[in-house]
Structures are given as structure tokens and as C-alpha cells.
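Consider the single chain below, provided in C-alpha cells and representing the form predicted alone.
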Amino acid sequence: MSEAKFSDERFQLTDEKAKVALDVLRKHLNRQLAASLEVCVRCGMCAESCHYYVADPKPEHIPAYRAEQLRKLYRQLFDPLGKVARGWVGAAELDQEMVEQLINTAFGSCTLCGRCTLNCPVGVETRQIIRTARAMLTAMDMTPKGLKATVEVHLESGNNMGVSEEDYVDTLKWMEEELQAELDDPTVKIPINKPHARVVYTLNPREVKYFPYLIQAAAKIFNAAGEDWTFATESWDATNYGLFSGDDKAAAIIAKNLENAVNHLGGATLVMAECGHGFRSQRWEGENWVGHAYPFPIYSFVELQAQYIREGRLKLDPTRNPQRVTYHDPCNQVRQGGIIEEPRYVLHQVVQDFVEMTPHGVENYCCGGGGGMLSMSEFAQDRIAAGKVKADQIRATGAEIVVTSCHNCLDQLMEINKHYKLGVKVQNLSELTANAIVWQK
């Protein structure tokens, strides 16, 4: 974020804002966060785990350096020596310079991908440290404009792109017509608000506005599998940018809205579209935010595709996808969601030539589009530069198609594909699954 941005009154620290931020730190300080702030030994093992550092190896891109910005405040507040020997222990008070550094550190050069935590010998949870810093900044109304707007639009309209219910329903009906034409089968349906369906399915709003063919692909899979499923109109957005802004209150409202939509329809299962952070938010974080357990299970559409294939519910012809394919693991699915083998199982069934990136799975490098980074235009240049790590991985595979199962990843991969002239096609997993289906009336 440039100095001109910091001249905006919203980013100027006041005593009142400082108090609010420190109160947030105190509220978030549980045993896990305190341990992560205390035990870092500055070994540097985390450096090479970060795609920002690998792309541009400077101290500011080392995860331990990022975490140190919050540790300075922690020591000032909670370390006895921090009050009497501030310089000795590296303690510091929250001032304007630190606020600006925190914005660049927490929002500008970290995607919360978690690879540093995986490679830390003492288990420092850098994601939690950085998200706490984001929560403090958000409480002071210092969230970058794009990320702030994405959360606000979701709270106001029910989805993060402000899609009206009329446009949403019209798009679903349009895709139903397209699917019927593709299959020459007027019996296939895209159900809306069907009561007591086994599966209530969500979408990323980008599918409605820019990628409606992904709705058609999902509907083809559901119909081919003979699933009892539906879309809801009450709440249907799989995303939750409260995870990225650090705003637990907003995140809880969004998560609760999805829960209500399923409950009001009497649905048995909530299935999240191919959205990495959306799945993590609803499946693994949501119950903490809303304060109770959901009365239904939550699955990713990736898991459901694998289940259908294992159960023999889809007739597939992998020769319909003959190109060499590689797979990018979305960080919020693989490292923070446990979805590792399912996409690989699917790909082995629906394509002829699958090749892994190096590294892959839980050790994959972030594409650079996570953490809400795509919504923060002021950091776009650094985001694309950090994406070179993923671009190099893709190029090394010789793949013609890069598959992922996350819209933030999809958008970032499309950008680095163009910027680094990779010459590949970027697709969602469900597209290849749908393309391999042999339709049976």
C-alpha cells in the first residue's frame, strides 16, 4: 500500500483506535496464539516455505519477520520486561509506523496459506498470528478497500458480488435449458428451493456472473448421479471473506445465513462449491463462529464427486480428456481442509494423462490468490510477482491443462498464465468430470 493510501484519514491512528486494536489482541490471546508468539526460535526454516520469499528473498517476506510485528505489541502488553526494558526484548507500542507496517505485512504479503506452519519445527501458527493482526486492523477500520467492500456487499445483499435473486434464478434456469440442449434430454432439471433434498448446493457468485458453465457442469454431475439435490434462494454464496478480514462477527452472520437456508429447506447435507476458503470457513470455522454444532454434515463438491465415482454412479470416459493435466491444490482445502486424495482419485478416473507438480499435496505452494488477495488491488503487483513460483511449477510439468477446485485459485492461475505466458488452459475439476460423463437417459 503506497504512502498516498496511508494519507487517507481512515488509516490514521488515534488513541481510541489503538485501544480498540489492543482490546482485540487481548480477546484473541488464547493459549495457542500465546504459544506461537513465545516459542519462535528465529531458525529461518519458514523462509523457503513462503512463495513470497522464494519469488523475492528479502527479510520482509520471511514468515517469522511478519509474525515479529505482532510480537512487539505482545511483549509490550504481556512481557514483564517489555514494560521496563522495551529495547532489550524487542517490545513496541502501537504507533502510526507500526500500523502501516502491519497493513503491508498482514494484508499485503501473506495469503494465510499455512505452508510456513507446516514447515515450522516448533509449530508456530503464523496464520493465526497474521489473522489476529488483520482482526486488529479491521476493528480500526483499516481493512484495504476492496476486501472491506467484499464483506460489506455480502452482508447487505446476501452474496459478495451483489447478485440479485432475479439474476440468480434466471441464470439457473438458463443453465437448465443449456444442459437440456447439451444432453438432448428435457427431463434434466436444476431444482430450486426443493424441500427436504438430500443435498443443498452452494455457488461462488463468480459462477453466476462470469462462469455459468460451471453451474451447468455441476448440474450434469448431480443429474448423472441421480442425486436428490437443490439450490436455495435464501442463502447460496459459498464464500466468506470474514475469514480473510479477521471479522469474526461478520463471518458468523454469513455462516449462520447458510445454516438457516439449509434448515429452512429441511436439507440433509450442505455441499460447498469448489471454493477453498468457503469450504474451510463453513466446515471447519463456522461452528466456532456461530457458537453451536450444525445439525447437518458439510462436504466439498470435490469429496462428493469422488464419492459418486467410487459408488459407480457416474459412467465415465477418460478419453474425452486426452490432454496432459496437472492439479493445483487449494491451500484451504489441502492444508486446512484435509482434502488430498479425493481430487487425485477423480482425475485418475476422468483424464488420460495426469502429472503431479513438485511439490504437491500438503506441501504445495500457494498460487498467490488466497487470503483475499485478489480483492486488494493495491497489492496486485506483488501478488503476480509471488505467483512466479506457481508458474514455474506448472511449466515444469509440461501440462496443457491446469485444474484446481477453488475460484480464487482459478482467477490467480488465469492471471499468471497470461503474465508468464504459460500457454495452458485453466479449469475447475468439475469441468473435466462433467466432460467425461457418458450420459445415459
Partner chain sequence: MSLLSITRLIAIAGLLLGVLGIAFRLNDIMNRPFRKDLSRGRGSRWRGVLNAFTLGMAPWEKESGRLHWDTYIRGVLFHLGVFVTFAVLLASPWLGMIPRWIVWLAVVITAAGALAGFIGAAMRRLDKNERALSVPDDYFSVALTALFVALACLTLLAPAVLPVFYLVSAITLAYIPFSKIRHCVYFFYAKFFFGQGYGHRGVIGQAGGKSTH
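The shown structure was predicted, so the numbers you read here are calculated from the model rather than taken from an experiment. Numbering follows the first chain given and starts at 1.
Keep in mind that the form predicted in complex with the partner chain is missing from the display, and what follows is about it.
Enquirer: Just to confirm, with a 4.5 Å cut-off on non-hydrogen atoms, which of R335, K220, H154, H328 contacts the partner chain in the model of the complex?
Expert: Only one option qualifies, and that one is R335.
Enquirer: Which pick from E227, E100, E259, E125 sits with a heavy atom within 4.5 Å of the partner chain in the model of the complex?
Expert: Contact residue from the list: E125.
Enquirer: Is every one of Q12, G146 and R206 in contact with the partner chain in the model of the complex, taking contact as a heavy atom within 4.5 Å?
Expert: The answer is no: none of the three residues contacts the partner (heavy atom, 4.5 Å cut-off).
Enquirer: Which one of these stretches, 336-344, 231-239, 156-164, 173-181, sits within 4.5 Å of the partner chain in the model of the complex when only heavy atoms are counted?
Expert: Of the stretches listed, the one contacting the partner is 336-344.
Enquirer: Contact between Q307 and the partner chain in the model of the complex at 4.5 Å, heavy atoms?
Expert: Residue-level check for Q307: no, no contact with the partner chain.
Enquirer: I'd like to know if Y53 sits close to the partner chain in the model of the complex, meaning any non-hydrogen atom pair within 4.5 angstroms.
Expert: Yes.
Enquirer: Would G312 count as touching the partner chain in the model of the complex under a 4.5 Å heavy atom rule?
Expert: Although the partner chain is absent here, G312 would stay clear of it in the model of the complex, with no heavy atoms inside 4.5 Å.
Enquirer: Any chance G398 has a heavy atom within 4.5 Å of the partner chain in the model of the complex?
Expert: The answer is no: G398 has no heavy atom within 4.5 Å of the partner chain.
Enquirer: Between 284-314 and the partner chain in the model of the complex, list the residues on our side with a heavy atom within 4.5 Å.
Expert: Those in contact are W284, E285, E287, N288, G291, H292, A293, Y294, P295, F296, P297, E303.
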